[in-house]
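Next up: a single chain in structure tokens, the form predicted on its own.
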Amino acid sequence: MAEAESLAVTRRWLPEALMTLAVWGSALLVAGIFLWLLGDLLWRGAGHLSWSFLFSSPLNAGRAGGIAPILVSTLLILGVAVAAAVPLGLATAVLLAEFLSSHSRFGRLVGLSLDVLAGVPSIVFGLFGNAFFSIFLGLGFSILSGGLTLACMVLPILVRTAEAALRAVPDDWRLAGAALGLSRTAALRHILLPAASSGLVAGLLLGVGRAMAETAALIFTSGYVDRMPSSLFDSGRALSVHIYDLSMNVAGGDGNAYASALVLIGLLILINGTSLWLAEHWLNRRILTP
């Protein structure tokens, strides 16, 4: 009898222990991969980092000098992409989550389009951006062309995550807003968007991460020029393109390539941290605020 009870306890405990072990193992594996990559970048690139590297122009095809123009071009391209994608993506997510049924024909069509766009290779976006923004609209190889192309790439991520975040808000919150006499717009502004802020920020971070790491699309749209841009219509080299060029095309450029990759990782961490801080200390304070 005692052996049977012990066997029953073991059968109940073993699956739970295995699941716990699998979850912790997966988390440690992900953290370990990130730390390994970061350690490799620090080992190979930290010696090349300095203030002059950040604030000087590249010399000798990038083997010497710094990345100041490239850093400015990267931030401008990212700014254009976010400025174009966030309003359009948020509006589309609100339409799908709040004004259209998930079973409507138009809603299914938009959802299918987003899913297809999310799976399109970046090189195809690059060719599209070159044909439409650079040639058809006459923007040429420019920061504006690169940023708008990246906006097209990150739209599916932004829309899907924002839509999921809005749908996750309980319907009781919508009913409470209606009971208080709030219009749908006011309820969306003061209740739903702040409540879904964590999901919205997650989508923004995923979109920014993909935009900053993109290379193929920018080669065909923003170009290779490594001088300081004077406007959005100038060509500009992004950090990801610079890293690729130093690693693949410039002999002796590996050191600066690793240092540039470190700067790129640092920018991602800074942007992620700032976005999370804004979500916690600004968006959440707007819940039910007139």
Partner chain sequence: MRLKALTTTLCGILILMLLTASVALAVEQKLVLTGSSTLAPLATEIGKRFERQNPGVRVDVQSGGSSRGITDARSGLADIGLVSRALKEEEKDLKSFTVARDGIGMIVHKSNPVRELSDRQIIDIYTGKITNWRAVGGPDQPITVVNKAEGRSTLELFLHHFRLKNSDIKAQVVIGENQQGIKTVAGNRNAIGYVSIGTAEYEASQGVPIKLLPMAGVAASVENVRNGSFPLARPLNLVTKAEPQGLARRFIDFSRSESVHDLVEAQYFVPLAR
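None of the values given here were measured: they were computed from a predicted structure. Numbering follows the first chain given and starts at 1.
There is another form of this protein, the form predicted together with the partner chain, and it is not shown here; the text below is about that form.
> Each of W36, G45 and L270 within 4.5 Å of the partner chain in the predicted complex, by any heavy atom, yes or no?
No, the whole trio is out of contact, none within 4.5 Å by any heavy atom.
> Heavy atoms within 4.5 Å of the partner chain in the predicted complex: does G65 have any?
Close contact is absent here: in the predicted complex, G65 is far from the partner chain, nothing within 4.5 Å, heavy atoms only.
> Considering non-hydrogen atoms and a 4.5 Å limit, does the partner chain approach S247 in the predicted complex?
Taking the distances in the predicted complex, the answer for S247 is yes, it comes within 4.5 Å of the partner chain.
> Closest heavy atom of G107 to the partner chain in the predicted complex, within 4.5 Å or not?
Although the partner chain is absent here, G107 would stay clear of it in the predicted complex, with no heavy atoms inside 4.5 Å.
> For F141, is any heavy atom within 4.5 Å of the partner chain in the predicted complex, or not?
Contact with the partner chain, yes.
> Since the partner is left out here, which residues of 43-70 would have a heavy atom within 4.5 Å of the partner chain in the predicted complex?
Residues within 4.5 Å: P58, L59, N60, A61, R63.
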